[in-house]
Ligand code: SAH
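Single chain ahead, written as structure tokens, the form predicted on its own.
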């Protein structure tokens, strides 16, 4: 199969294609105009278009299904060229605001949650994606195309910035090379120009890979899916904790280079009667002592076949207040898409059962 053009950074492409300035033009057509064929690249000579068609392909994902939420979120199910499917979600963080004369006062703000694997090896007890097992890693081009296609489908201009979170299907650090390359492609000023400051890589805690990611110095934000405050519970929820225990994760985080204005995010999925008590909050406070951290409390989104339950609002607030009153920045993440297939992997699972 021909290599996907989206697998190349602009620097790599400039070495492949001569004269090298053509790489910048190709990047503009791909990431500013969202073209789907080389023939649409009108300022390229015909001989170069023919050469590109001969040697490369434009990675095109197929939209299998879209579910729209009343809160403005859109969940996508994409089919890859081999027939496998992955999910991505466009989250509307802030609606567009207008002046009285109808002109735009503030543009809408978006975050896109993307996948990096078909399935996942980590096997978290609460995660629907894990139930399907692991099939394969995504290429850098397949990761990049999720954003490109979502921007095109929603008429989001090339100069509009959005936030990217590697928090869909799969463990990003288990596919580190492709994830790192996609991050560089997103950040290219001649492409999507999505600053590393707007990119967050979320991991279940592969400590050795956290250290490796830190040495790459991509400038991205780091989020740790912690979900438990002691190894015993974490091993029940996340079997990967047997290989990467909490201490190893905390040590790796302390060594991770973070922009001075930023914080390391700790994702804490709150499950009713499992990890929602103040005893857990107290342990979490001690665990993160000495780290410039922010804790995101996340409601567990139930799905068919799980015994886990969504926590009560009062318990979430009590947990949050315990931490904030003691100086640890903590927010309750607003649940989005509850009226659609909200749990990661749910839309894919629903379509598979049909």
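Being a predicted model, the structure only gives us computed values, none of them experimental. Residue numbers count along the first chain shown, from 1.
There is also a form predicted in complex with the ligand; it is not shown, and the following applies to it.
Proximity of residue 141 to the ligand in the predicted bound form: non-hydrogen atoms within 4.5 Å are absent; the residue sits far from the partner.
Within this chain, residue 258 is remote from the site of the ligand in the predicted bound form, having no heavy atom within 4.5 Å.
Contact annotation: residue 269 falls within 4.5 Å of the ligand in the predicted bound form, judged by heavy atom distances.
In the predicted bound form, at least one heavy atom of residue 301 sits within 4.5 Å of a heavy atom of the ligand.
For the candidate set 225, 175, 207, 73, a heavy atom within 4.5 Å of the ligand in the predicted bound form is found for exactly one residue, namely 225.
Contact with the ligand in the predicted bound form, defined as a heavy atom within 4.5 Å, holds for exactly one of 127, 229, 250, 274, namely 127.
Remark: of stretches 100 to 108, 167 to 175, 86 to 94, 144 to 152, the one touching the ligand in the predicted bound form is 167 to 175 (heavy atom within 4.5 Å).
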